[in-house]
Structures are given as C-alpha cells and as structure tokens.
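Presented below, as structure tokens, is a lone chain in the form predicted alone.
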C-alpha cells in the first residue's frame, strides 16, 4: 500500500514539474503585438486548433447495405417482444359468474336459477311490460339512435321530453341527459370544477366521482366518511383568514346513498355548512332517486330540503329507473353551461331514444304506483332484521338504504385478506345456496378507504321467502367460512 502511495506521489510531482517547465520556458513568455503570451494561453490556443480540426471532420457513417434475408430472419428469431401486460399469476385468475338471463330478482347464472341481490333494480321495473312496450315503439319510430352527439345531429324529440320529464318530477328548472351513467359524473364534475378550484369530498365516494375529480385537476381535500365534524373542521381551516380561498370556486361533493357503505348523507347538515362557508354542493343521487322520500324524489324529499338549495344534482338511470344513461338537473345556468362545456355531452353520441323513452315510462309508473316504494322499504326492513345477528358480520348501512352493507366484525389483518374472506363467503352462497351477492371489489385506482364488505341490493320485487332464504343462507355460509380460518 505504501509503495502505491509513493508511486502516485512521484507521478503527481513529475506532472507538476512538467507544467512548471512549460510555463517557465522562454516561448511561454513571448510578447505578440504588445500582448504578453503566457504558457496557459499557448496551451489554450493548441486546444482551440484541435477543436476546430475535429469539428471540420465528417462524422463516421457505416456503409449503407441492406440486410440479407438470413440476417433479417436471425434478428426476427432473436427478438422477444415486451408484453403489454404482466404475466397472469394463479392469484389473478378468476372465472366470473356468467349471467344467462335478465338481472331480475331471480336470474340464471352458469345454467342455474339463483336468487339475485347484485342488481340495483330497486323498484323491480326491469322487464316491466310498460317499459318494454315503450322501448319497442321507440325502436320502431327512431331506430337505435343517430350515433352522433347532441349538438350536431343527435338530439331527438324524445331526449327533450325526457329532460323535461325529469325536471318536472324533481321540481327543478331543467335537466340534461348523458348517454352513460358513469359519464354523467366524468363529465359534470370537470365541467364545473376546474384547475385551482377547491373541492371538499367524502372519502367514501365511489370510483365514478373519484375519476371525475381526477379529470378536473382541481385541488381536492377529503373529509372522514359521513363525519360532519370532520367536514366542518376542513371548511373552517380552508376558509379562515384565507383571502385566496374566498376568490376560488368551492364545492362539496357527496353521495345521497353511498355505494361503498350503504350510509345516507345528512343533507340538512351539509346545507347548513354550505351556507355558512359559502360552498356549492354537488349531490349524486344514483342510489336514492325512486327510493328515498315518500314519492321517490330522493334525498331532498327525504330530508324535506328544497331542491333549490342543492346546486347540482346528478344520477345514473340504471338503478331504480331500470334503463341506462344519466342526468344532471338544476338551474338554467347549470344546465346551459354543460351544454357548451361538458365533454360527455358535446362529444359523445347521444342516448339511444328507446332508453330515454324507458326513463319517461319508469317515472310515470313510479308516480302511478307509490306502493312500490312502500314495498321496497318493507323489504329493506325485513332483510336488515334477518341479517342483524349474523355471527362475524355487522350491518353498517343506514336502516332506509336499499344498499344493505355488511363488513367483518374482526379484520383478517389487511384489506386484501378481508376481501378474500368475503369472496369465499359470496362464492359459498352462490355454489351451495344459489344466492348471488356482490363484494365491494376495488381496483388499484380506487382511493376509497372504507372497509370491504358484502352488498345486498334490495328490490321491491323480492318476496318475503326470498329475503328469508338470503338471511339463512348467509348465516350458514359465514359460519362455515369463518370456522375454517
């Protein structure tokens, strides 16, 4: 080691002596045109000449020669394309149940008749004779649709009739139709919430709202699920002595009935906080229209709050109304703004006319048969009573919610482990008891932090026998799966 250090020191000393000789040489102290030329200038001049020489040289290019067929074949044989998706592991393999009939209260899955609690067919209107007749007549008159956006050549009179019917039913000034339930949220939220706007949102909202917020690029603050103290604290923090916040557009976004918990948002408290801190409210009523309130007009009727106090109301029509598409309703300014700036309305093909006809008919049937809501509420109460004492599971949903939600009383240790247990229970229900239920599966992009659970979508078309069978089957399946852990 000492020998190496000594050799390195000698090398440095030799280099230093060489530089000293160059700088002390007579040529290094020459005077040209009255300017003293020292040694470092001489070295820099030589480097400049070398750089000019290198820049003047042509870059090397390999000779152009086409590859032979043998070379091409060899390259093709050696090339291994990179997969577009990662390899599928055993854990990722999943064979979903195959639906072979309409998704009514009873359906056929994998050739077997099963009791269905996975369809949000709350009023049992799926397959209703009047809805089918209206669809048939609309198809005969209009065909399947124009396949064009509303602003170009996609508006048909039935679209305008449907928008007017929805506004009349809910007591708003106007409404606007979208061709897909999720696109209602994908389009409505970015149409109003822009980059820099402040949005305070419940942490339990479903993925459609989350994606709309992502597309809006607004500033997002989450409050604890259905916790009004948490909401008030955040509103106070973001507005107190904050002059910039007072100049921003500010929104509170909530669901009427939360798909991820079955809980109902306290609209009266939301409105009180909205007015105190000067926020606008966007309310998604996908799971409450046709369900809550004495006549099915949703959360505002349930809390007896004037609908004018809610700035923007959105809803998917694929639930209680048993059709497809979605709508947004509110004031004239709210609707007119979307007709010009909502991407899902401006650029997407319009809703097929027969679906708009079905929505009009569904509202008519609801108004003519208020007993449907009474029957639904009775079914919810019956199912909740039967599920109240399931060992290992607990009810977390609201007593009036059509989404009856159960979670594990004791976590298995992680969200993934909990979901596996719940999936095992659901699989046992389907295979051994012919009862079809859904677990709250979430994708990797879903930011909902609520516990996983089993969802029962209750319908007015379910019979008392159906509900009793579901309760007994869940108790047996849960006892078997939890005992095997």
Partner chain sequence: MDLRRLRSSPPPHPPDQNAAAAVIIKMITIPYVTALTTYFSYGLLFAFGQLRDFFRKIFDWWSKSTLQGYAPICLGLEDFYIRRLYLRIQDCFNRPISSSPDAWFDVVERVSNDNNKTLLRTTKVNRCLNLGSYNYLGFAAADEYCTPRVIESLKKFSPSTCSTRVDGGTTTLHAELEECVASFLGKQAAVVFGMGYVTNSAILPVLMGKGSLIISDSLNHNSIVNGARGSGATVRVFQHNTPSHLEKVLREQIAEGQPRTHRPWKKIMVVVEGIYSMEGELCQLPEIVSICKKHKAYVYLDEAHSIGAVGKSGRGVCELLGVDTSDVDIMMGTFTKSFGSCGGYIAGSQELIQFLKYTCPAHLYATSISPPAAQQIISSIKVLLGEDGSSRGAQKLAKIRENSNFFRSELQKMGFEVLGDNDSPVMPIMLYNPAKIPAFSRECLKRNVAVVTVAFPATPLLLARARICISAAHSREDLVKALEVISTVGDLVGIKYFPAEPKKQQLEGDRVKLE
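In this text, rigid core is short for the largest set of C-alphas that superpose within 1.5 Å between two forms. Numbering follows the first chain given and starts at 1. Keep in mind that what you see is a predicted model, and the values were worked out from it rather than measured.
The discussion below concerns the form predicted together with the partner chain, not included here.
Partner-contacting position among 364, 161, 227, 269 - heavy atom within 4.5 Å of the partner chain in the predicted complex: Exactly one listed residue reaches within 4.5 Å, namely 161.
The unique member of 411, 388, 341, 233 whose heavy atoms fall within 4.5 Å of the partner chain in the predicted complex: Selected option: 341.
Contact label in the predicted complex: residue 111 to the partner chain, heavy atom within 4.5 Å: No, residue 111 sits far enough from the partner chain in the predicted complex that none of its heavy atoms falls within 4.5 Å.
Heavy atom of residue 392 within 4.5 Å of the partner chain in the predicted complex: Heavy-atom contact with the partner chain at 4.5 Å: absent for residue 392.
Contact of residue 218 with the partner chain in the predicted complex (heavy atom, 4.5 Å): No, residue 218 sits far enough from the partner chain in the predicted complex that none of its heavy atoms falls within 4.5 Å.
Contact flag, residue 438 vs the partner chain in the predicted complex, heavy atom cut 4.5 Å: Because a heavy atom of residue 438 falls inside 4.5 Å of the partner chain in the predicted complex, the answer is yes.
One stretch from 272-280, 299-307, 371-379, 218-226 that, in the predicted complex, holds residues within 4.5 Å of the partner chain by heavy atom: It is the stretch 272-280.
Heavy atom distance at most 4.5 Å to the partner chain in the predicted complex, all of 329, 405 and 421: So, no: the whole triplet misses the partner chain.
Neighbours of the partner chain in the predicted complex among 121-151 [non-hydrogen atom within 4.5 angstroms]: Going through 121-151 in order - heavy atoms within 4.5 Å of the partner chain in the predicted complex - the hits are 121, 126, 127, 132, 135, 136, 139, 140, 141, 142, 143, 144, 145, 146, 147, 148, 149, 150, 151.
CA of residue 378, rigid core aligned, shift of 2 Å or more between this form and the one not shown: Stays below the 2 Å threshold, so no.
Threshold 2 Å Cα movement between this form and the one not shown at residue 275, rigid core reference: Comparing forms between this form and the one not shown, the residue 275 CA shifts below 2 Å.
C-alpha of residue 81 moved at least 2 Å between this form and the one not shown on rigid core: Yes, its C-alpha moves 2 Å or more.
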